[in-house]
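Okay, here we've got a single chain as structure tokens, the form predicted alone, with questions on binding and movement later.
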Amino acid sequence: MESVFGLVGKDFAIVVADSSAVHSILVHKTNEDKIMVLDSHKLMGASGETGDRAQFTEYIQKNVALYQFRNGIPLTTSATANFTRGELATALRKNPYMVNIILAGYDKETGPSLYYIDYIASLHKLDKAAFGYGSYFALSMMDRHYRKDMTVEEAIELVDKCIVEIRSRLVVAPPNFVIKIVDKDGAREYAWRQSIKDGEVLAA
């Protein structure tokens, strides 16, 4: 029951993901970080098969770093999105990755941006996006309350509404979520929304 969603605000972008590592009917952990920091100003939130998600996001992260090392300048968010889409498209004909991606970044020239990339290599630039079962509720809430000129506080309030809706509507809802933000000051973790901690599960 994965849930990954994101949105673009006035001068920032936010990506939110559940933190449950699940296989079949078992929950292995509830603090899995599914949002990778690609570089100083890019975030990649991913959902899908655990192995594909971990391997592919790390592969993209290292290639973005390699490009900057070779050329002395970082890839733009748009270039990173197109590179990611190209790698998924190439793999699609060989050994496809079952991974869906929300890529957020901030560029000095163009400001914040958000890209939706699915497992069959479709690429769209959007103001708001979501993947997983939680997308049914996150997209509904964002359609109703989203505005392009939202402040960080307003966006976090909307994110919290989406999380509450996902937790209350899904039969098997993920308990914990991680929120990350990217703006002119860089990409960073903003907050966690936790209703279960791994320590509590172990103690029980």
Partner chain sequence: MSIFEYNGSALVAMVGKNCFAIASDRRLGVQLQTVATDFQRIFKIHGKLFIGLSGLASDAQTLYQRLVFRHKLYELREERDMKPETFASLVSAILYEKRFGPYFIQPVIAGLGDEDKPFICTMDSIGAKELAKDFVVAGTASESLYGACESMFKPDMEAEELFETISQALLSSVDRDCLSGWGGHVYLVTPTEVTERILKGRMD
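Numbering follows the first chain given and starts at 1. Just so we're clear, the structure is a prediction, and the values are computed from it rather than from any experiment.
Not pictured, yet referred to below: the form predicted in complex with its partner chain.
Among the residues S135, Q61, N31, T50, the one placing a heavy atom within 4.5 Å of its partner chain in the model of the complex is S135. Judged by heavy atoms within 4.5 Å of its partner chain in the model of the complex, the contact stretch among the candidates 154 to 162, 33 to 41, 135 to 143, 62 to 70 is 135 to 143. At least one heavy atom of D118 is located within 4.5 Å of its partner chain in the model of the complex.
Within this chain, N82 lines the site of its partner chain in the model of the complex, having a heavy atom no more than 4.5 Å away.
Within this chain, S122 lines the site of its partner chain in the model of the complex, having a heavy atom no more than 4.5 Å away. Although the partner is absent from this view, M98 stays clear of its partner chain in the model of the complex, with no non-hydrogen atom inside 4.5 angstroms. For the stretch 64 to 96, the set of residues having any non-hydrogen atom within 4.5 angstroms of its partner chain in the model of the complex comprises N82, R85, A89, L92, R93, in sequence order.
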